[in-house]
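This text opens with one protein chain seen in two forms, each one given by itself as structure tokens under the names structure 1 and structure 2.
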Structure 1
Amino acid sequence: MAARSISSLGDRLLDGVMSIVEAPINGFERLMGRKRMPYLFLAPNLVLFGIFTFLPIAIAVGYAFTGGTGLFVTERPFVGFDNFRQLLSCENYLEPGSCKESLFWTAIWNTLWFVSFNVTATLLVALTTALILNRAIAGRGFFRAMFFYPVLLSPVVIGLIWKWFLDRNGLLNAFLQMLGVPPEIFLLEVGWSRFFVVVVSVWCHMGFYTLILLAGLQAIPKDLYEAASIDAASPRRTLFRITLPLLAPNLLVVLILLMIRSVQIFDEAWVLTNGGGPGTANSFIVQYIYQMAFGSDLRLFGLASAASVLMGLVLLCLTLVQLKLGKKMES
């Protein structure tokens, strides 16, 4: 009896709360109409999205057409397309030294190099890992968690961990010395530093893309694999005729996200290579934007904003092209 009375009391309290909430909602529904009610619930998120996404984009575009070193727009003279002309002024785009903004074009070519290797390596590693984790192996849940764990870490923490590991007196050199191999200064050599920037990026982000591909693999009907085994199809034929074609939408999503993330590389590379070293070997486009805006005493916000606008347009074009290719693949 006591339990019933407590339950009925809870039901009455819940009904009272719901009636209080329902009254203003019904008032808004009568005022706005039923079809417009979803916009009422979406409004808070749309406002926050606009403040923290569209407003900064608008400010960056506005700053791209101004000059000077002032912080506020009212303190900055309008210069039109001068910042874009300065960035794009080049005698030979394949030789950054012939460009007016040589650091900008050095960063572009470094970014293109990184994108090509990082996207390829991450996609292959994530796909291989997803295929393995999709099989009935012992400790599958544990390995899924372990592969995803680096995604939860801060990029700065990841950069510091790997920097400690690759330092002259770090663990890797200690292991090499045990084998009788002389120590290497990995982060002060161009080849090694570029190699490990890609390795660190693959290590810390592949878990996220593995989950996306794993979700796509688990959505493939098992009947198709049973039919393939009955027809005595080889594993290679099953992979290329069933798995990869049905996984194409997930692969496209991973490719788009990877391209965007790779172009925006900054945190872990900055910490790992001490700001893009050795020299400018690991200086990327986001690092150039940061240095122009905040890394020097000149505070060239206009030039940095123009570079960020160009980067945003390139990313937008790449995304639209990949989405259009995705629609063609589906049709």
Structure 2
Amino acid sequence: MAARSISSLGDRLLDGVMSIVEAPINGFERLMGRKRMPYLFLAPNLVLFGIFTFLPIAIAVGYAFTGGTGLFVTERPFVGFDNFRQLLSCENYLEPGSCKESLFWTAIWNTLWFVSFNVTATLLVALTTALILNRAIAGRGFFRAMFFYPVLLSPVVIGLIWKWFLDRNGLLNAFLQMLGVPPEIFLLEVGWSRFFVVVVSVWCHMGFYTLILLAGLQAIPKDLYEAASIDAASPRRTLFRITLPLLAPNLLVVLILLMIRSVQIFDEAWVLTNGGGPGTANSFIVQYIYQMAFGSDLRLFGLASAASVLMGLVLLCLTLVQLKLGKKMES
């Protein structure tokens, strides 16, 4: 009874609040008519989108053509394509040291390597896991949840947990010592640190892609498998002739999403490697933009914007490919 009276009290309170809120909105309706209400309902959203999404897009392009360290357009001289020239002038593109903006090219190469390894590894792990989870296996819900859990953790938490795991005095080294392998400071060694950035990235994102692929697998009609088993198809043929072709649209979505997100690698790597270390071994493109714009007192917004525009173009291309292929798949 008490709970009920409290909840009805809450209802009444809410009613009171809402009657105050609704008064001006109803006034607008009486004044402007029912037909104009959708515009009022859309207004907050569109204003926020306009200010914080569309305006920045316009600014991003504009700032890429300005120089100096000023914050506002009026304080910034127009420099034409100077920022792009600065970013792109290079004697040998394979050799970041020979470039005017060597950090940028280091970041690009690091990002390219990361994307190729990360996409391959994540896709394989997620696909394998999804195929296994799609079998009639006991505890499927538990395992699905387990693999998904890291997706929800914050990049900072992920970075710190793994940093501790890989520490000189961490569990991995303790385990290696039991096997008689000398301890290693993994995150201060170029090869190992790159390896573990990929491992951590797979660790914390594969659950998401597994879920998408699993949804795709479960959408494949069961009778196809029954028909295949009646036709005495071998498991290998079933996989290549039924499962994978029917999963192709989902695989494609996963592939492109993975690429788009991998290109934007930043936070967990930033925390794990103390800002891209050792040296610049794990310095990626978003980190470059962040450091140019905010990381130092230099505040090279022009250069950072130019790099953003270049990255935006790459992502746009990827998105367009996704849309195009998606349409093709549908038809």
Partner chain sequence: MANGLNPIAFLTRTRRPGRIDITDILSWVWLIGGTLIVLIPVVWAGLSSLKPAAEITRFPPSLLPHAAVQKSVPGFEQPLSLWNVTIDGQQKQMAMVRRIGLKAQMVDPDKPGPPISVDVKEMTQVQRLTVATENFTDPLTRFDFLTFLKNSVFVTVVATLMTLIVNALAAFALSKYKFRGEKAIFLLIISTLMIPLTVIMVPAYLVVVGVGLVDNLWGIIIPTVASPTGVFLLRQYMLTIPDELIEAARVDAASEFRIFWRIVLPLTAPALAVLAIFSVLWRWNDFLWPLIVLSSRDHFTLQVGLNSFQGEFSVQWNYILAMTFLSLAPVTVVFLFLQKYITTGIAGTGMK
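Just so we're on the same page, rigid core means the largest C-alpha set that superposes within 1.5 Å between forms. Quick caveat, the model's predicted, so the values are computed rather than measured. One-based numbering along structure 1's sequence throughout.
Matching the description of the form predicted on its own is structure 1; structure 2 comes from elsewhere. Comparing the forms between structure 1 and structure 2, the C-alpha position of residue 279 differs by less than 2 angstroms, with the core used for superposition. When two forms of a protein are overlaid on their rigid core, residues whose CA moves 2 Å or more are considered shifted, and residue 69 is not one of them between structure 1 and structure 2. Core-superposed comparison between structure 1 and structure 2: CA of residue 294 displaced by less than 2 Å. Core superposition gives residue 49 a CA displacement of 3.8 Å between structure 1 and structure 2.
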